[in-house]
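Starting off, we have a lone chain in the form predicted alone, written out as structure tokens.
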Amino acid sequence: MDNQDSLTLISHHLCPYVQRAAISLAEKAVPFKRIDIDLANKPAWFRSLSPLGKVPLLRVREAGREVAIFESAVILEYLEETQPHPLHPQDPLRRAHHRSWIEFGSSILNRIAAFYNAPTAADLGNEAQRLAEMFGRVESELGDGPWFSGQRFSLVDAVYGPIFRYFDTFDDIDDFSVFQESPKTNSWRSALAGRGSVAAAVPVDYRARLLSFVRNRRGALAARIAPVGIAS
């Protein structure tokens, strides 16, 4: 596919699962079109394409037909099968190992949601501790870096870049010590933040959008955000 209109990524500006696909496409140097939608007011055309009503959704035009692919894991695998510059290892066992850690990344995202939705300060502290424990498990898998499996950027990196991005904002709100006992993970986080494909996967106003989203949750984390107009 050499036409940008062949691939259209239906997106939401904060969704970490969308970011996985955007990073993969960028790493593969595949042109694509990106359309952001409002998930609170989903357009009819999107509802007709997505049985689950979720993003990401990849619209593929090929040989006179159009197919909608949904679920980020399926999209990533489709891109691996059809596009250049594979991000998965060639060895089946290592590939399965990477897929396992991608699933663990999805579990971390669920825990992050519990963190920013925590209703009380005690709950927030407990969720921060659970996150620290999960990243401690990641820590035990890492080598010398800079990426998950060494010198080669992989789909695991594409998955964890959006995970770590949350903490670039959360760390400005307060010190939750999530990475205090995970120095290799924190170094991996820094390397991913400097990767062009990871940085470009979100709009330039991502931090402001995320802060607004957290404020609207009205939980314990929102209570720690400085009022609008006051530097945080």
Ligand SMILES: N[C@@H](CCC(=O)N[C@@H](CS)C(=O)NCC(=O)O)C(=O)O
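Remember, predicted model here, so these are calculated numbers, not experimental data. Note that residue numbering begins at 1 and tracks the sequence as displayed.
Absent from the display: the form predicted in complex with the named molecule. The rest refers to it.
The named molecule is not drawn, but in the predicted bound form it has no heavy atom within 4.5 Å of residue 193.
Put simply, residue 34 is far from the named molecule in the predicted bound form: not one heavy atom of it is within 4.5 Å. Not displayed here, the named molecule is kept clear of residue 133 by more than 4.5 Å at the level of heavy atoms in the predicted bound form. The closest non-hydrogen atom of residue 55 lies within 4.5 Å of the named molecule in the predicted bound form. Only one of 67 to 75, 141 to 149, 80 to 88, 122 to 130 places residue heavy atoms within 4.5 angstroms of the named molecule in the predicted bound form, namely 67 to 75. For the residues 25, 9, 15, 214, the 4.5 Å heavy atom test against the named molecule in the predicted bound form is passed only by 15. This chain is displayed alone, yet in the predicted bound form one of 42, 207, 61, 184 has a heavy atom within 4.5 Å of the named molecule; that residue is 42. Shown without its partner, the chain has no residue in segment 153 to 170 with a non-hydrogen atom within 4.5 angstroms of the named molecule in the predicted bound form.
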